[in-house]
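Below sits a lone chain in structure tokens, taken as the form predicted alone.
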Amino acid sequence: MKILLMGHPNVGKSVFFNRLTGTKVFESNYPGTTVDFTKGWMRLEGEDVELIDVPGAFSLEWKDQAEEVAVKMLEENRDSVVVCVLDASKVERGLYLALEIIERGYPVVVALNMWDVTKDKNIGIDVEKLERILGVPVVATTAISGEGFKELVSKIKETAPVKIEKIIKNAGGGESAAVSG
């Protein structure tokens, strides 16, 4: 099994990579730092699993070199689980990419990273409702502190491809917004 870490630039993918693999990758607080990918290994239920830190992308319709690398990595690793890392304080921005990946049939776990920032900004996100709407596991995380990582790792094995029709069905039926604040 392979795991791809995908998301917008500057959402903490490299911090995820470092925490999950125990290695150190250059991290910065400006977008576009990773324009290539980094591979490492982690243990998951007693087996070695390859983890790939993919360059940041806003969409699967690539517009620059980093996005081109990200889309190619996704296409070349159809059998991978995708951990879609979103900035929880700007969740609406990241959902487009997450939905594109889900729509293409990849097993996805959504990580709402920077959860501590949502608390500081008094942003309310109903994680369970968002999980129902998307039809994939959603986990609140703070990569710097490790908050939510135990749950994230346990959810990775539970992932399965989801059809977009299921998302539309889950979003219908009077569900109200999962984000407030």
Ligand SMILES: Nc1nc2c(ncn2[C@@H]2O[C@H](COP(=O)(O)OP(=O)(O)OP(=O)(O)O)[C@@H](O)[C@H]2O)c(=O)[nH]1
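These numbers come from a predicted model, not from an experiment. When you see a residue number, it is the position in the sequence shown, counting from 1.
Keep in mind the form predicted in complex with this ligand is missing from the figure; the text below concerns it.
In short, of 127-135, 114-122, 43-51, 150-158 it is 114-122 that has heavy atoms within 4.5 Å of this ligand in the predicted bound form. For the chain shown alone, L20 is not a contact residue for this ligand in the predicted bound form, no non-hydrogen atom being within 4.5 angstroms.
Residue contact check for T38: none of its heavy atoms lie within 4.5 Å of this ligand in the predicted bound form. Taking the partner from the other structure, this ligand in the predicted bound form has no heavy atom within 4.5 Å of any heavy atom of A70. Using a 4.5 Å cutoff between non-hydrogen atoms, A143 counts as a contact of this ligand in the predicted bound form. With contact defined as any non-hydrogen atom lying within 4.5 angstroms of this ligand in the predicted bound form, the contacting residues in 1-18 are H8, P9, N10, V11, G12, K13, S14, V15, given in sequence order.
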